[in-house]
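Just one chain is shown here, as structure tokens, and it is the form predicted alone.
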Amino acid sequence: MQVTIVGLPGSGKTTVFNALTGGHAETGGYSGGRAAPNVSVVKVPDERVDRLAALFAPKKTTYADVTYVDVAIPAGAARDGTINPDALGQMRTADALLHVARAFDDPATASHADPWRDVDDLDLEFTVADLSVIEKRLEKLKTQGRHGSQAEREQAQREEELLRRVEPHLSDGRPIRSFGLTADEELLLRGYRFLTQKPVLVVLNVDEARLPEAPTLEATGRERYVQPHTDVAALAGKIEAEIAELGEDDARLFMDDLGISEPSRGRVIRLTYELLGLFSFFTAGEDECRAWTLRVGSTAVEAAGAIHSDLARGFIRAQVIGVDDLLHAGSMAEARKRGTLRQEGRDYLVKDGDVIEVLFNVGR
């Protein structure tokens, strides 16, 4: 999963990047020279993996991971439409956007913090970028749609009709994610990787003084930013970046003192998983305990394919048990005796926390 962090200069987005990744990327705003993004792969904190590893003592323990990409946006770019194509391209490759907005006053900045003004500015730029893509594609379809096989012409016609319906929706300032696309329409538009179609987590970056307001800021933000596949979180990026550099015990004391229940990394990842409709299942044994990421509604054979394509091709059945049931039993053998280890077929809908062993035919 790739999450791209966006935000106007001065929003503290690189500080938030450091908080989420434990990194030390240079902060201080866009200097006019940084074109390459900051990139870091983060292990997804999951105490269930830790508990499985304690039970099986495996040779290897593997967590799921998230790639965070911090994209540079020059000052004024969102207001005058000058975000460069490379930056837009970096955003288009994301599975979700994490939009950091400044909710703290900065003596070095003349303007008063207005996070939702900043969100609106960047959203407008994304809308303009998507409209530009649609305009160019429709122009191309005028000629391309008349050529090719019958099936290709019909496909081009469906694509053109859909884009012509989406275009006025965007022109009215509404994102594609609120259009109400069917599953087939989602598939038809997938290759465009429209920015306003992506799930968005708006992060209100507050200072220490406003931490007690965080729950209210989040609730108010959700009422204002009413769109499908979006959510709002408030955190203190500067403090969270400091927490990310502390040992576990010191971090816990620091958070307790500030009234922070958990580090931002775990919470932001959880919210992003929810936005994308993702969850974790596990494989466990003496060789490896591992977390795997899967989309809600996926079947046992799709879970097998996530592990290895050979398992999906030769799938016979899956042995499944909930992680809590396995930990309570203490072993697969004891779970089998208790009847909590189940045999499931290829169409079984995998659940968050399932521990799966795939039985398959090697010859298929």
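All residue numbers are counted from 1 along the displayed sequence. Everything numeric in this text was worked out from a predicted model, so none of it was measured.
Just so it is clear, the following notes concern the form predicted together with a small molecule, a form of the same protein that is not shown.
Mapping the unseen interface onto this chain, residue 237 counts among the residues with a heavy atom inside 4.5 Å of the small molecule in the predicted bound form. The small molecule is not shown here, and in the predicted bound form it never comes within 4.5 Å of any heavy atom of residue 23. Although the partner is absent here, residue 196 lies well away from the small molecule in the predicted bound form, with no heavy atom inside 4.5 Å.
Contact annotation for residue 3: none of its heavy atoms lies within 4.5 Å of the small molecule in the predicted bound form.
Site residues 10, 15 and 207 are all in contact with the small molecule in the predicted bound form, judged by any heavy atom within 4.5 Å.
This chain is drawn without the small molecule; in the predicted bound form, the residue among 27, 40, 62, 331 with a heavy atom within 4.5 Å of it is 27.
For the options 273, 179, 192, 104, the one in contact with the small molecule in the predicted bound form, meaning a heavy atom within 4.5 Å, is 104. Residues of just one listed stretch (124 to 132, 250 to 258, 198 to 206, 223 to 231) have heavy atoms within 4.5 Å of the small molecule in the predicted bound form: 198 to 206.
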